[in-house]
Structures are given as C-alpha cells and as structure tokens.
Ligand SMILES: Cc1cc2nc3c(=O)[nH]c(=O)nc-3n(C[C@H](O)[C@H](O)[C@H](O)COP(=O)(O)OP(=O)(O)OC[C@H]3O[C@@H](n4cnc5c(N)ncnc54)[C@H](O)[C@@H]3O)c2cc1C
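Here we start with a single chain on its own, the form predicted alone, put down as structure tokens.
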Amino acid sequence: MLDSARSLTLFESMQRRNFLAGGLVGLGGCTRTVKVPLATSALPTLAPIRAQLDRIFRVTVCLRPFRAAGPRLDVERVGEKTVVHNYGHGGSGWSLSWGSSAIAVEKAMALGERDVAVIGCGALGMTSAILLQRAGARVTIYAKERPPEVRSSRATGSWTPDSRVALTNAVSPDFPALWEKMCRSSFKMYESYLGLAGNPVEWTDRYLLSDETAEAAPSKREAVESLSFATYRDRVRDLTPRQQELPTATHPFPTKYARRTTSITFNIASYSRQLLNEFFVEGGKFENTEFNTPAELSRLPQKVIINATGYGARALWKDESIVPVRGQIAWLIPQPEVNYGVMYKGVNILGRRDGIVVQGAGKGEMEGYNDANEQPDRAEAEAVVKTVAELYSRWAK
C-alpha cells in the first residue's frame, strides 16, 4: 500500500498526464488551486461510507480500448458496405461519446442513406444511434449484448475526457483540436441530462486526501515506468470548477490535507436506461447479433454501418493497435447520502446512485495497461475496500 505522501504525489502525476481534473481522481497536479478563506467556508455535511467487506455486492472488470493514435473515426469500404468507425477511446468513452458520435454520424449521413446500422450497444453505439435518429435516419443496432451486459456498463462513471485517450507522440497534429471539439460537444449534451428523473447525470464534489501537506509531499513520485499519455485539459479549463485547497476546519475528513473540486458523475445504470428508452421511443430496433469477421456485415440490409464495438473491435477488425487497459471495481451497497468522491492512498471512491465505486489506481495511468484479464479478483477488491475502511475508522474517532 502506498503511503500518504506517495499517494498524493502519484495522484498529482496522474492528473498532469490524464486530465482527470474533472473526474474521480481529478484534484491534484498542475490543476489551478484556490485557497478557501476559513472565515467564509461552511463545513460540508458528508456522510461516512460503510466500508465493510460484506457490503461488497459485486466485483466487475472493464477493458478500456486504448489506441496510441486516439479514437478511430475513418471510413472504410467492406465489400458493398461503407463502414464508419467510432471506437478506441481508452478511458474516455462515456466522456467523449456525444462529440465523437457526432463526427461519425456526420460522415455516415453524408453518404446519402437514411437506413443505417450501428454495431455495438455501449456508450458510443447508443449515442451514435440516437444522433442518427435526430438526423432523420432509421436505425437498427446490431450487438451481442446491450446494457447492463456491455463493457461500458462497468465503467467508473466519471467525466474523464482525456483519460488514456492517446499518446502524445502518436497523434496527428490536428488531433488536439479534434479532441477539444468532441469534448465541448459532449459536455454541452450532458448539460441537457441534468435534473432528469433517476439522475442519469449530476454534479458531485470530489476530495483528494492525504496525511501530508502539499509542502511536505515529495516533488516527484518514485519512478514508475510510464508512457507519455496525451493531456489536453488546459484547452477546456473553463468547463469545470478550479480545485480548492481546504483548511482543516473546513472539511470533515481525518486527514491533514484536503483539496476539493466538482465534476460530472454518470449514474450509468439509469443513464443507459435513459438512452435506450430514447432510442426505442424514436422507433429504433435492436437485433441480437454477433459478428466474427467484417465479411459477415454483408448479411445486413443497410449499406452504411457505424462500427462502435469498443474493445470488441480488436478481435472483429483484427485491430492490434487496440491495447486493453484493465480496470476493476469493487461495488459497495449504495448509500443515498453518499454523493461525493474521494482519492485516498491510491484508491478512487465515488458514491453513485447505483453503488459506491471503489477502484485502485496504484500505478497511475499504467494501472491495468496491456492486461486483458477480465476475471474479477476478490482479494484485490477487498484490499482497496480495506483502505476505505481505514479512512472512515479514523473519521469515527
């Protein structure tokens, strides 16, 4: 287990590279920080998390589809079909889904067809289908699974638009501007889901905690071999609040050091249901289908297809550029009163409506990199929950 100083420094390094400034672990690094005046800061009312091991009701694993060059958005001819690709977003699938799908839909609709297929029913598949409908197309989704079985349903649920989205030295010169366009477009769409029944999308506070002060923490983390992941958060600094450094008397945590920011949370269970309902209400159709090779697309009646198969594209398209990034979540029974996130000793915690997410991030952006193991590890899950239990046992004292 990392000690507090290493945890804080590791977290700050993660932020510099990953733009998790608005996500679950988005509180450190070079994020602009403002100090909260003690006299004007009300102590927030936060409920403690009940982190007993017998409250783990499931353990899930998601493989994020990372591509060094960024998401694949090109157009390919396969026999008599035209395929528009929309996959390979790393840890940014939900966050960039609307903006990326808007680009794919524009390319698909430019081909003149009004009966369009989508393969894949995760974050990118559902948003592609809905945007196609809004553009006037008839849409059928073809997929082996749909929520809650798809990999997207096992995501953390944080706004992380450049989490392992590309490598700095592998992207094209125009990719940063394209990323910003996708990011801003997605963010604007998410604003329209705020306040809906079931809270599919909401703003929640996040706290970075440490037992060391910022000055006492080492300026550099201990070396961990790392790739140069692209980070573009400075381009969208205006979208989320700045980080705040909290004096001890302005937060209820038992640690010496705390920072706070506010970010978007996706309550994926209700959000996925919302998207599917929108799709079906507008006449969308779903066909339970599995494809093993691109040649099998020939059996579809549609001439234009959006390929939103995520990590599945590695096998379907024999795309070796996709690298799996394993992420495991231990799910604690939801507590409606816990609606905030925490980063503590290398563990990410996020209180969602459908469960309290507990996830290890000990190796930063390299955590789970090139690990295709989708089998849950109960021992790993219990280890991270014990870290949460240690934090809140101190709170109780």
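In case it trips you up, residue 1 is the first one in the sequence shown, and so on. The model shown is predicted, which means the values in this text are computed figures rather than measured ones.
Just so it is clear, the following notes concern the form predicted together with the ligand, a form of the same protein that is not shown.
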All of P200, R260 and G351 with a heavy atom within 4.5 Å of the ligand in the predicted bound form: no
Contact test in the predicted bound form: S92 vs the ligand, heavy atoms, 4.5 Å: yes
P65: touches the ligand in the predicted bound form, heavy atom cutoff 4.5 angstroms: yes
is_contact(K81, the ligand) in the predicted bound form, heavy atom dist at most 4.5 Å: no
4.5 Å heavy atom contact, E212 and the ligand in the predicted bound form: no
Candidate stretches 240 to 248, 176 to 184, 137 to 145, 102 to 110 - the one whose heavy atoms come within 4.5 Å of the ligand in the predicted bound form: 137 to 145
Partner-contacting position among L131, L275, V325, V116 - heavy atom within 4.5 Å of the ligand in the predicted bound form: V325
Sequence-ordered residues of 149 to 169 touching the ligand in the predicted bound form, heavy atom within 4.5 Å: V150, R151, S152, R154, A155, T156, G157, S158, T160
